[in-house]
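Just one chain follows, in the form predicted on its own, and it is written as structure tokens.
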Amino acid sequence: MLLAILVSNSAGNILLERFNGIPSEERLHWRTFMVKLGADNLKGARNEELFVASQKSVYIVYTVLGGVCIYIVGKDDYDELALTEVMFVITSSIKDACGKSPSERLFLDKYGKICLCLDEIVWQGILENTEKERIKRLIGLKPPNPTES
């Protein structure tokens, strides 16, 4: 299961978070842990250079993409190799949504579109879509208009 997806700026402020299967009382611990992990290891990291950490039976893959840091936490079937694939799909979708590697401002400007992409990639902790074109097509769909018959 994918337990968490977290995006922060370089100062460690959380810009986006998605938790699955983590009780609300443990979320602060995970936020703090991941931001500290990034602060310790991501300074001077190349764009999209992947880092891996593990804590007990949980794996964490994290990277820098432009002006934001992305963290993904998984367990069971989502080991470091599976999380690497998830990270690739998420980073490429964010770059597509923003048109390039995002600064913090560009990320926040495209926040809605990025959230739609994440919704199509991960659903309730399970990887749903990995195909770039399918994700683009799905986020372009509009809800039905209830006034039309």
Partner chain sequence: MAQPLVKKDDDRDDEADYSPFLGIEKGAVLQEARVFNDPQLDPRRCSQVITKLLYLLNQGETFTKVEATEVFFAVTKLFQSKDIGLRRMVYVMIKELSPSADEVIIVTSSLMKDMTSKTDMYRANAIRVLCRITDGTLLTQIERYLKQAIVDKNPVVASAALVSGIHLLQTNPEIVKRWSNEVQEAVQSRAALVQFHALALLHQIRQNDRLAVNKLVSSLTKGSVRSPLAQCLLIRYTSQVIRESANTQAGDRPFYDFLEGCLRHKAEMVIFEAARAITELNGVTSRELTPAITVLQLFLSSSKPVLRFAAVRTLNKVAMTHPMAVTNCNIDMESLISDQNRSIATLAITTLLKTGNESSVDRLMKQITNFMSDIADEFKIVVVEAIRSLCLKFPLKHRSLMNFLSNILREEGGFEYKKAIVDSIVILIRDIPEAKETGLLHLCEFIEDCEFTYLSTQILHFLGIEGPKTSDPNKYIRYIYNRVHLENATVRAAAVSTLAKFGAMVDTLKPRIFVLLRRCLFDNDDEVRDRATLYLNTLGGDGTVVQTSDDVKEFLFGSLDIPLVNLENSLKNYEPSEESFDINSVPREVKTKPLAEKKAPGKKPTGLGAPPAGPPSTVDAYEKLLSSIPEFANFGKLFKSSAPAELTEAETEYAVNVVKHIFDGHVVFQYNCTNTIPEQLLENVTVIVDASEAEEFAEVASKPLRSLPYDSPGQTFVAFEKPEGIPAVGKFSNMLRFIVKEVDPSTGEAEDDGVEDEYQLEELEVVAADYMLKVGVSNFRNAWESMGADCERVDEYGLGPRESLAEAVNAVIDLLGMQPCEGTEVVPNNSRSHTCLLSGVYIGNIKVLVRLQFGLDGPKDVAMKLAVRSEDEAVSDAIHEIVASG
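Computed from a predicted model, the values in this text were never measured in an experiment. Residue numbers count along the first chain shown, from 1.
Quick note: we don't show the form predicted together with its partner chain, though the next part is all about it.
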| property | result |
| --- | --- |
| Exercise: S92 in contact with its partner chain in the model of the complex, heavy atom 4.5 Å | no |
| Residue contact check: A11 to its partner chain in the model of the complex, 4.5 Å heavy atom | no |
| Distance check, F88 to its partner chain in the model of the complex, heavy atom within 4.5 Å | no |
| Heavy atom of Q124 within 4.5 Å of its partner chain in the model of the complex | yes |
| Those residues of 69-86 which, in the model of the complex, come within 4.5 Å of its partner chain by heavy atom | K75, D77, D79, E80, L81, T84, E85 |
